[in-house]
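The form predicted on its own is given below as one chain in structure tokens.
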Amino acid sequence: MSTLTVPSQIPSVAEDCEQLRTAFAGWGTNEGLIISILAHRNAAQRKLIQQQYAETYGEDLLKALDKELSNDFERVVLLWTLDPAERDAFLGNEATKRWTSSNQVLMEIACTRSSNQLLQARQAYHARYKRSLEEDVAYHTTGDFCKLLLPLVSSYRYEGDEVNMTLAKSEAKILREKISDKAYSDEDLIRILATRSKAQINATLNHYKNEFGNDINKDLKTDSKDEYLALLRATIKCLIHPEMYFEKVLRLAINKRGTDEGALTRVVTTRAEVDMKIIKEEYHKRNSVPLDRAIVKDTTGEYEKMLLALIGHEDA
């Protein structure tokens, strides 16, 4: 499911660090060398490179990259090099600071990570910002958005496959009642989405469709301009079909007039080691164009090369 390509034989960590140091030396930066190393190492290997680089040269690798690189290429390299939990903490903090109601990054992190990954992101947030993700979400968001997002980012879901069908039926009925009453921010509706296991939610929503004839997200499309409803629909899609959610984020990022590099960079760096292969298949199926071709058409230079390397493009 990952699109990351790691060579079967890789140099030692010390050699990688030496090569990166060389890439920074002299006039100009050797961006190709940076891509050839960092875009082809997994999270554990990148962490070792960061540690070794700091020990050998007395400098933080991320700070060195920040100094040497710029613009979209800098952001994709920095986000990719970060430990996944630290990356989520960074993205989460960024999302709280420039909150807009259509910003779905917090929900995305809360709903597409495993329970342990979300917990590690919250711990990384503590270490980095000396406060909790939960308190920042509570402080920076308001109203229905806060009512939904706070329990989502605080969640620690059960991850087993067991499903209680009696509960699925009763909670499908609750969801139907709340949606019929337009009580979209009702505490029971939010409780079900924020606390139940993904397997249990899937069973509940399957029963909802069988019993009431509509996909739940269709019933939540009563007002296409309502940003809270858009967030609610995205939450459900993330919990049940994350690959479809990410395909849509990429489609909107690449197909708009002017590329949304922020969204494109975020999805590629956070999913390359997870499920980018499935997202690519979904993208091709939905758009009749391979993702790598869409990226080539919409991006340029080293930024393009780094993205292509991360999504497993053959020549990258």
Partner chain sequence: MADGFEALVKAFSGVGVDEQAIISLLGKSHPEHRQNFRKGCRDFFIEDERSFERWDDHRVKLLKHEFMRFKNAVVLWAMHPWERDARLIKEALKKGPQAYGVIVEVACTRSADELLGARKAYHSLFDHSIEEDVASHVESSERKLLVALVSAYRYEGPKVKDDTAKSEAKKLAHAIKNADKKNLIDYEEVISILSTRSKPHLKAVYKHYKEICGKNIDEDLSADLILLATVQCLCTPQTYFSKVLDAAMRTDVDKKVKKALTRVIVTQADRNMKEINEEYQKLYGVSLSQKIEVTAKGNYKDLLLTLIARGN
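Residue numbers count along the first chain shown, from 1. Keep in mind it's a predicted model, so treat the numbers as computed, not measured.
One more form of this protein exists, namely the form predicted together with the partner chain; it is left out here, but the text below deals with it.
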item	value
In the model of the complex, the residue from Leu82, Ile179, Ala199, Leu150 that sits within 4.5 Å of the partner chain by heavy atoms	Leu150
In the model of the complex, the one of Glu94, Asp215, Asp188, Glu227 near the partner chain [non-hydrogen atom within 4.5 angstroms]	Asp188
Listed range touching the partner chain, judged in the model of the complex by heavy atoms within 4.5 Å, from 118-126, 204-212, 84-92, 219-227	118-126
The partner chain contact in the model of the complex: Glu74, any heavy atom under 4.5 Å	no
Non-hydrogen atom contact Met244 with the partner chain in the model of the complex at 4.5 angstroms	no
Ser154: touches the partner chain in the model of the complex, heavy atom cutoff 4.5 angstroms	yes
Contact label in the model of the complex: Arg131 to the partner chain, heavy atom within 4.5 Å	yes
Contacts with the partner chain in the model of the complex - residues in 134-149 whose heavy atoms fall within 4.5 Å	Glu134, Glu135, Ala138, Tyr139, Lys147
